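So this first bit is one chain, no partners, the form predicted alone, shown in structure tokens.
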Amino acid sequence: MTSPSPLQMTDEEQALFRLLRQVNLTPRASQRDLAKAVGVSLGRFNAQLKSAMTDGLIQTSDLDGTDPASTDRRKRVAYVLTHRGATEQARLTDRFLARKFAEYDALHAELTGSSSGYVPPNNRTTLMQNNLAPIPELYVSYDSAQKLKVEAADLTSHDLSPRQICDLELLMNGGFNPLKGFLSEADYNSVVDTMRLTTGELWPMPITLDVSEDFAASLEIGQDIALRDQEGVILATMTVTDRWTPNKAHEAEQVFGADDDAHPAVNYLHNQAGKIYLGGPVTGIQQPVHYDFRARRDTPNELRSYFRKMGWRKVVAFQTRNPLHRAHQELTFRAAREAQANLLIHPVVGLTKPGDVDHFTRVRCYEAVLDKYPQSTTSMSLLNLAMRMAGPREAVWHGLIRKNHGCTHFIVGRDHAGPGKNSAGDDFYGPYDAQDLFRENQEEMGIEMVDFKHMVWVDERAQYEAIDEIEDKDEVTILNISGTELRRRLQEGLEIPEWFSFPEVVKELRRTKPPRSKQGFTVFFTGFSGSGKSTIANALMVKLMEMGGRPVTLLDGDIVRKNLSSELGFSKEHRDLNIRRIGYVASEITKNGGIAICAPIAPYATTRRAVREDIEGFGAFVEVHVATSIEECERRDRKGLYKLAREGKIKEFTGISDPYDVPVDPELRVETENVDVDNCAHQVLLKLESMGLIAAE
């Protein structure tokens, strides 16, 4: 006996699919109108409706009067999909589309003798869709969303982090297709270990909802929760189907190649992400609101619609998290010619590597040079993606995302999405690991790789050429400027040659990144209580104020405790929160061109690193370890705190009953024993001068 195809739908499933679809399309229609639209008798429809309501797929909502468009003047309720109903509709829609595409492929083969190309090899469960066809989204209709929003207001809420908002947006708009929500525990384990979902579909990156232990403990499996942005707006609901404590060390090893906190995503995993993961399907209510560059933001289906309108059958995507320079222009021109495709410049504007140029500046740079490209074959759209800097896996992930956006080709660079050096000073990934993994999987992915050529300037020929294609290397002058060298020239106000970048880009970068001697920065003192931090910080403040030019603010530990953190105790959680508050204020001072001097104890390395990352997006972070020994600090103990701590009268006292993580690689280490305060402060000034943060006198 032949078993039914997994693509086939039972009669009950087809009837439920038609019912849910019609209710979602016309929630205010009467039972009679709905039955007519579905194509069944009123009695049969009532039975189906009752069954769906019993299963929790549909609910009623009171109306303030009848619908003028209805033919039944007695109707007083609307029928609305519940969270489960919307999820079931999405599942059945996928089944329906899969069956129709399979039928089309069979007919195409019968008529032409060849496959249509819509069905992937090896009978994968996801159809390799035409790059111009719409893809599934997780949003309900506008009317259902309005009803759902009211209902969701009473649900337990989770406030999403910036990274989770990026993930949710791409889940809802189809950018993460085939995912229907945050991964279940089984899917998570499969993705971490094999880069595949439990259905066998290729997916290299775990997309999970990390939450605190307390929040997770308050939930029950099967419970619906509201997902809110940081302003409290409900973006979606989620049915919690899974809750587990992940092995984060194993996740780091498998996904990022090493359990090393020098990797920004591993650091996030261990020190910022919640300890518990939740999984379950998502029902989209509305997109996250973006107030910047709104005309440049497109969903996957909006881009696919644009490509259909323009008649673009082949589209090569160029991802970047850096400003565009002339080498990038030549690279993208070559990639488009090689693929005989149109070009989509698709920069990431979500979360990138700490220290990257902010996306506002980058987008202004992109727009400044967009007219250097042919308008009829080039477009630009912004991608609100939270990068993980996962190298090879990230390249495959980026390729799948671009396929969902309608692209047929994707440029993969040397060390694509690499995070830099590990704790041992070596690169996390090999230079071509990303290209190799992409190449292994591109047939299944349904998007073709265009490998990144390293472009250099050949002075004699006044043009950019691929370094591997220059046969007369010994006879010509080859010029190139690295990212490090570009940053140095910007910081020191040095010339940036026109062969390297466009004048418009350089002007924008100089406007945002003035010379270092005019930028804001933070000096962050750390050390034991009584080490001399505050005294040196006060002396440094006076010296900088004497020099003038920038406002100087001292954020001393005791002063901040009194004015910003008076309600906090001295537990690790409260100490971390106090330091993060200091870091936030310092980042705002730095961002606005001032000098922040911080002098807390700051005993924990992970918290100091988080503060560094917050500040380095706006200016320099100078960590100064005041390396006074614990014995000397006890000898100086004017407040008698160490004595009380030794007697057990002060709990969790740094250096006595609570640890202090000695900075491994601070910008400066200052010894204070037998050294006067003025000399210590002068050492800091000399360091600031050597870093270009203050002008040499």
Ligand code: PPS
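Keep in mind that this is a model prediction, so the values were computed, not measured. One-based numbering along the sequence shown.
As for the form predicted in complex with the named molecule, it is not shown, yet the points below apply to it.
For the options Lys50, Arg635, Lys639, Arg646, the residue carrying a heavy atom within 4.5 angstroms of the named molecule in the predicted bound form is Lys639. Of the residues given (Tyr584, Phe570, Phe360, Tyr142), Phe570 alone sits with a heavy atom within 4.5 Å of the named molecule in the predicted bound form. Stretch-level contact check against the named molecule in the predicted bound form with heavy atoms at 4.5 Å: of 344 to 352, 433 to 441, 533 to 541, 621 to 629, the positive one is 533 to 541. The named molecule in the predicted bound form comes within 4.5 Å of a heavy atom belonging to Asp558. Although the partner is absent here, Pro392 sits far enough away that none of its heavy atoms falls within 4.5 Å of the named molecule in the predicted bound form.
Contact annotation for Ile579: at least one heavy atom lies within 4.5 Å of the named molecule in the predicted bound form. The named molecule is not drawn, but in the predicted bound form it has a heavy atom within 4.5 Å of Ser529.
Along 634 to 667, a non-hydrogen atom within 4.5 Å of the named molecule in the predicted bound form is carried by Lys639, Leu641, Ile650, Lys651, Glu652, Phe653, Thr654, in order along the sequence.
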